[in-house]
Structure formats: C-alpha cells, structure tokens
Ligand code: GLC
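Heads up, the chain below is alone and in the form predicted on its own; it's given as structure tokens.
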C-alpha cells in the first residue's frame, strides 16, 4: 500500500507538539509493516539543512504554484526519517516559509498552507508516484481532499483511485479564515453557501473542508472521538462529525519506545527497567542535585512538562497553587506559554527555594530527565485528544495524575477506581470534575499512596507493563486506509 503523509510538523525536522511526534513515528511503523511511505512538510527556516542532509530533488525540479493570483516558485528537497528509509519531501518556498516560527499570526497564514496543499499534489504528479491514500493531518492540509475532487480532477487518470484520510489531532485548531480566502485558494465560489461543506459561520474553515471531502476521518483516541461529537466539545464541528459518523473512527496514538524507554534512553544519566528500578532513584538524586532541590527519598517529586496554557490545566493549578505548595512534595516544571503562567512558575522558584525548579522554554533532554526522575507526573488538561506525556510517564514508572478526558481516560487507570472493582490494575490517578478542589484532592491521594510502598511498587510495575507502541496503532491505520479506499471506489 502506498501512503503519502501531508503535515505541517514532522519530528525531528519541525515540531511544536504531539502532531510532530506522531508524524515522526507512524510512517516508520507503517513502513515496518510493508507500506511504501512518502512524507511531505514545508521547508521552514528552522529545518537544519546540514544536520538532516537535505538534497535537492531533481526529479521534481522547480514547480510554480499560484496563490491569491500570484505565482510562486517552489523547489523540493529530500531526506529520510532518522533510522529508517521513509522518504521525506520538503516543500521549499522562502516567501512563505522562511519565518522564525512554524505557525504565525501573519495575515497570509491561509496562503502558506494553500501553497503547501497544492505543492503536495503537484509534487506527487511530478514524481509520477500514485498513492493509494493521502493522509492529511489537521487544518493545514484540509484543502487537499477538496482539491483532489475538484481543482485537480482534470488529472483523474492519476488520482482516480487515491483516497484521503483526515486526522483531527486537535479540533480546537480549525483554520478559519474570511470568505476572501476562497478566492486565494481558487476554490469554486459555487461551493460557498450557508452550511456548505466549506462554510463556517460566514467564513471558510480548512478543517471543516477536510472533514467533508475526505473519504474517512479519524481522531487520536476513542474517548476524544466520542467527546467531540458533543455540541459543547466539538468546537462548532460536532454536527459535521455526527453527519459523517459512519466514516469517523478513533485510533489511539502510539509512542516510539526506541526514543521513550528508560532502559535505552541516551539522555538519561542512569538507565533502568522493570527488573531493576534503582536507576530511577539515581535519576531523582541527579535532578535534585543538578537543580538545587532538597532531596529526600520519602518526599515525592512531582513533574510537569507542558504548554503553559489554561487548556493544559494551568488555570486549575494556579487557583490552588498555595495549597499544592504546602504539600510534602518537590516540584519540577518545564514548558512555555502564557506569560502569566511563566511568571508564576518563576516566582515559585524564588518563594520556595529547594522545593521548586522551573525551566520556561524548550529542552528535550530535560523533558526526558523529568519523566525519569519524577515519582508523579501532573497532567490535568481540560481537554486532551490523546496526550503523549502520560504514556511516556507510564513507561518511566512515573505515575500520572490526569483529568479523565480524551486519551487520558483511555490510558490512565485510576488505582482506587480499579481496586474498588476488585482489580489491582491501576497505573495512575484521575479526577472527573474539572475544578481545583478535585485536582488538589487527587494530588493528596497520590502522595498518600506514594508512602504505601507495596501499592506504589505494584502501580509502577503496572505502568511499565503498558504497551502503547505504534505497531498496534499502525495496524489499525492500515484497516482505516482500506476503508477509505473502498469509500473512494464507491464514490462516497
């Protein structure tokens, strides 16, 4: 099966969050199952040309893409995903992508991904490589399913059997732009009317367009799939998802255990495994020494690695921070986001020296150390399509505290909830009601369990035995692609 991936992010080339991690891992897992894969992403200025050995792709050469009535020269560079033979193609248009960040607030943000979507299709044409499926990811690629069925329909012989899959990684980001964007994108004006497949409250939504024109839709966990069909959680698109419910699926993201595994992790000073957990304690000692925290083995270390925004639960954290800091635990934070939360974390390091360390920014090595050194990982997201850090935490025997939503609900089993059912399968802690009182109560409950070593050791073993590898998820994606191909052939 031939699969083309289109995404705004692919790890390790360009990443801001979970989308990049997924696109850095899923294509490799599919290739291992025998699929022929090509991945497309923009060539941002942040992509390190020499580090990743990018080479000019002469088989495509320079192509011209028209956006908003202007023609832009586009070149394509080529590399592979690390430790694989998966080919990666970089769409190079400095006019749109030579900017400091992957995403911008510039007035031409719509034009950037109009060009990208067209360039993916035309690159495939120049390569003469007919994919069975084009796998589109989030709003930045939402126009591709429409383009295949309309703008590029003239090449029907080439794309006749190419199906499209649209994956929602986070429905909060919808690519909503004014009606004038339709003309920039050269979309047929007859497709724009009240409640049409592209219209959204008088604007155009790239995500809605992808949801309506793709052959199959999925999102990144079963619970999130259920949640976003509800009017209060679907960001205005729940009706679209209910309309397409027969073609809508949830597939939980996997993780790359070659990267996130305490027995193999090259970023850790001490490795460990379920058979020998001594390295975990040594990592805890190392982090405390490195960042001037007061070490005590009877005091849990609580870690957070997150974007510092309300949706990640920092509104709850901030509202009960004094009570949390009064608990017998140390804290370590890593993240960047809203200035008010960055300022809060910085202030905590001064008010509670020896108890709190906070790093505001991005630090991949520190994120691995926090996962390994912490006893508890706090992830109280208001919504979480899948979540990856709680899955990393399980592998590192760092027991997660989560709000019971989305992928958090699908991966974290509350110890008390399971034990009340006569099961000893708990691997973390969760709370249902999204409020500060529930968060504080759950943190206290986790600290109490930390001092019950028999229970805590059982939970650590439960956590490390969980398997959320990409291999199982990749098999489900192959089944999804087969459904998309059938829908395409049936004209659905």
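Numbering follows the first chain given and starts at 1. Bear in mind the structure is a predicted one, so any value in this text is a computation, not a measurement.
Below, we refer to the form predicted together with the ligand, which is not included among the displayed structures.
- Partner contact region in the model of the complex: 307-315, out of 307-315, 69-77, 88-96, 185-193, criterion any non-hydrogen atom within 4.5 Å of the ligand.
- Of the listed positions (284, 208, 112, 169), a single one reaches within 4.5 angstroms of the ligand by any non-hydrogen atom in the model of the complex, namely 169.
- For the candidate set 474, 19, 480, 14, a heavy atom within 4.5 Å of the ligand in the model of the complex is found for exactly one residue, namely 19.
- Put simply, residue 387 is close to the ligand in the model of the complex: some heavy atom of it is within 4.5 Å.
- Using a 4.5 angstroms limit between non-hydrogen atoms, residue 144 is distant from the ligand in the model of the complex.
- In the model of the complex, the ligand lies within 4.5 Å of some heavy atom of residue 253.
- Heavy atoms of residue 165 never reach within 4.5 Å of the ligand in the model of the complex, leaving it off the interface.
- In the model of the complex, the ligand lies within 4.5 angstroms of a heavy atom of only one residue of 216-247, namely 220.
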